[in-house]
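The chain that follows stands alone, in the form predicted on its own, written as structure tokens.
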């Protein structure tokens, strides 16, 4: 295994001292990049995900064009729903559509995590192609969604502001919900192990809808399953947990043993640091800041860096980059972090 030229992210995850703060951002390989939009006009979403050349080209784009310190595999959290046998469509501008939402015991019984490797067979060649295309410049981040976040889509059938049907399902059928969450967990672990076999250097778990749960529901429907995934993966590579809106769970997320915890923009850096205990923290600029003006991008980024302080910190946004973000502002964010002297 050749050593990675820029391993700032990995050294930070190991809590080593680094010459500067590493920076990457969520959804960095995508909709705000003019070259990505050209590919989007030619190929459907899952064609882009499953084609090794396309996935490699898209994953490498932000490294070359924006200068980030890590690449994140171009894919989608809903591939795990597909691995379990659920039909998923992703429509541009509309998001995911699952025509047959999972709401009965019969449907849940049919879901089989053991088919994960077979259904997601493209993940190995695709991830290897991405890794090759990076030619050891920067680390590659693999990922999956949290079981709770996957359940939200699988039961609701589409995106939603409150995922009321998904939550109602959990309240009405807690045993079925537990079975479904466990199957998603098993499939997720299998999928992450495929990514590891293909060479990813670290993984992030996106609990995008964790913040919809109360603290007691979070302990029931999200935390145990995240804990299970971390226990399976963290011994092999560092795990980053990002639970959007669920800042209340930071002390418990830290107890999973994950290397790093992502923060959204609704928490003060100093508070986030304190609640995350000895975990590395990542975040947390509001993605809307990158819409400009440029002076503001620079000012807010510097303020964020000062508030987090150096050491055990990865600069990032508090959620995914927005499609209407100007490329030069994304670049300015990255350059500001790289030039920051504390």
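What you see is a predicted model, and the numbers here were worked out from it, not measured in a lab. Numbering follows the first chain given and starts at 1.
The next section is about a form of this same protein that is not shown, the form predicted together with coproporphyrinogen III.
Checking 252, 76, 228, 217 for any heavy atom within 4.5 Å of coproporphyrinogen III in the predicted bound form turns up a single hit: 76. This chain appears without its partner; in the predicted bound form, the one residue of 235, 95, 257, 174 with a heavy atom within 4.5 Å of coproporphyrinogen III is 95.
Screening 44-52, 271-279, 293-301, 306-314 for residues having heavy atoms within 4.5 Å of coproporphyrinogen III in the predicted bound form returns a single hit, 44-52. At the 4.5 Å threshold, heavy atoms of residue 169 stay clear of coproporphyrinogen III in the predicted bound form, well away from it. Residue contact check for residue 29: one or more of its heavy atoms lie within 4.5 Å of coproporphyrinogen III in the predicted bound form. At the 4.5 Å threshold, heavy atoms of residue 196 stay clear of coproporphyrinogen III in the predicted bound form, well away from it. Although the partner is absent from this view, residue 212 stays clear of coproporphyrinogen III in the predicted bound form, with no non-hydrogen atom inside 4.5 angstroms.
For the candidate spot formed by 36, 72 and 143, every residue has a non-hydrogen atom within 4.5 angstroms of coproporphyrinogen III in the predicted bound form.
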